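Heads up, the chain below is alone and in the form predicted on its own; it's given as structure tokens.
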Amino acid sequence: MTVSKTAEKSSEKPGDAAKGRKDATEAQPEALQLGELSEQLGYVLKRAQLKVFENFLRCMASLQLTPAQFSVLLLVEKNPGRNQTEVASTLGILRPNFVALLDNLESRDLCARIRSTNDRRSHILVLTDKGKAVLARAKKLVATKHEARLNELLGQANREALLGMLSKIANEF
């Protein structure tokens, strides 16, 4: 015999529904078994990346910077006069996404696009004074909170080994 949800609810006593919700929240389901998935490098890399980004966002909450925005500001600082296509390409960000990212940074007065004198179709990127100040604060937060936590977790030797392995995948795969 099949019992519908409405039939089940109508037979409950007034306090039973609340009790059922409480019991359901107390009982924690058993974790899913990952099987072969836990041995898939791509899956483990993605899970690690999510954790690293979550920590980054917590550390940068006061500055409201995402990992991508921080990366753009760093590249613009280290490569003055380079155009937005070069920066987007280096970071692997698609053009439409990069334009939206730059629009956000510009609206916050962190960087500016200046028409290139060599190629009027191109824009070079520069940090504003506010952008330089925010980036300086962001670098300190990353070093003292985010990277420090990763270093504490991994240790220096493992950190260097992991950087080497990830760089190899990024450059050669």
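Just count from 1 along the sequence shown to find any residue number. Since the model is a prediction, treat every value here as computed from it, not as a measurement.
There is another form of the same protein, the form predicted in complex with a further copy of the same chain; it is not shown, and what comes next is about it.
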(message) Taking any heavy atom pair closer than or equal to 4.5 Å as contact, tell me whether Glu39 reaches a further copy of the same chain in the model of the complex.
(response) yes
(message) Can you tell me if Lys46 lies within 4.5 angstroms of a further copy of the same chain in the model of the complex, counting non-hydrogen atoms only?
(response) yes
(request) Answer yes if any heavy atom of Val142 is within 4.5 Å of a heavy atom of a further copy of the same chain in the model of the complex; otherwise answer no. (result) yes
(message) How about Glu147 - does it come within 4.5 Å of a further copy of the same chain in the model of the complex, if we only consider non-hydrogen atoms?
(response) yes
(request) Could you work out which of Thr117, Ser107, Ser62, Gln33 is the residue within 4.5 angstroms of a further copy of the same chain in the model of the complex, going by heavy atoms? (result) Gln33
(message) Residue by residue through 60 to 89, which ones have a non-hydrogen atom no more than 4.5 angstroms from a further copy of the same chain in the model of the complex?
(response) Pro67, Ala68, Phe70, Ser71, Leu74, Leu75, Glu77, Lys78, Asn79, Arg82, Glu86, Val87, Ser89
